[in-house]
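Have a look below at one chain only, the form predicted on its own, in structure tokens format.
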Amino acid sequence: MSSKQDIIKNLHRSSKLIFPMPEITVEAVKFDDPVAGFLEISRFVGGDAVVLNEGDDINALIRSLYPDAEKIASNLPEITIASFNPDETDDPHNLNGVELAIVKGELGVAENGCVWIPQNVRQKALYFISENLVIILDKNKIVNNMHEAYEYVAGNGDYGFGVFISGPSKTADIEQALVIGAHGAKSVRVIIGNLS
């Protein structure tokens, strides 16, 4: 028996009162329209979200948002404006200088404007090293809150790596000076469309 088990055993033996675990009910935030909530909160956290309307060209939309970007990385077959496929590089250092990365998100959360992204590119550094990040998200995959998000993540696959991204990278010092894009993407845009 380990010393930790000995300590726990002694604590149980010396305890006079035993209290049952309380029932905890969480009143999580709910939205009448999770997509509208996601759009609003995304802007609040420093990012941006736009809706891709039926019939709109996603490549034309992205090009209009980033007209000067030249080094564009994406492994998505529908993204034809990409200048290279990041999955073709063995060394993540080669991704340095990526002006725009376009990736697919799996789940959006209206409560905080974040998107769950399992590793769907070879080099996960792409999510953090690119100057600008565009996340493509199905409008039918937006949940109300993090409780629902964690339920989804726990029940839909075995992820080796995944990350929730909410807006561009941010940091604030003790003087409360907020810096955007300090250690990651300077801008994050989510394009929400009917992708099912």
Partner chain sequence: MSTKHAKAAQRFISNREQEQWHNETLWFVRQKRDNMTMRIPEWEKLRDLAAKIKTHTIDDLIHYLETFSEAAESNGAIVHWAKDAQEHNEIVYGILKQHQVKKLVKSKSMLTEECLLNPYLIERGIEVVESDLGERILQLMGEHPSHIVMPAIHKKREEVGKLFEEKMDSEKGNSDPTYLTHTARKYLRNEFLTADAAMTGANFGIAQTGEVVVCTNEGNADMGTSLSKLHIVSMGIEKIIPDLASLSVFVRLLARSATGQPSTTYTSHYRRPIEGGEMHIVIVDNGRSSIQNTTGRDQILRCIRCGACMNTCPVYRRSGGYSYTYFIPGPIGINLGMLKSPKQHSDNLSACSLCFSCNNVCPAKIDLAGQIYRWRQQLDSFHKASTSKKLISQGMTFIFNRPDLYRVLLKMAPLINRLPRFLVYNRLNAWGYGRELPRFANESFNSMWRKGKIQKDNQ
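Between two forms, the rigid core is the largest collection of C-alphas that superpose within 1.5 Å. All values derive from a computational prediction rather than experimental measurement. Residue numbers count along the first chain shown, from 1.
One more form of this protein should be noted, the form predicted in complex with the partner chain, which is absent from this view; the next part is about it.
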Is Thr171 part of the interface with the partner chain in the predicted bound form - any heavy atom within 4.5 Å? yes
The partner chain contact in the predicted bound form: Asn112, any heavy atom under 4.5 Å: yes
State yes or no: in the predicted bound form, is some non-hydrogen atom of Ile136 no more than 4.5 angstroms from a non-hydrogen atom of the partner chain? no
Would Lys104 sit within 4.5 Å of the partner chain in the predicted bound form, counting heavy atoms only? no
Tell me, which of Val51, Ala60, Ala36, Ala154 has a heavy atom within 4.5 angstroms of the partner chain in the predicted bound form? Ala154
Can you name the residues of 77 to 103 that have a non-hydrogen atom within 4.5 angstroms of the partner chain in the predicted bound form? Pro92, His93, Asn96
For Asp32, is the CA shift between this form and the one not shown at least 2 Å following rigid-core superposition? no
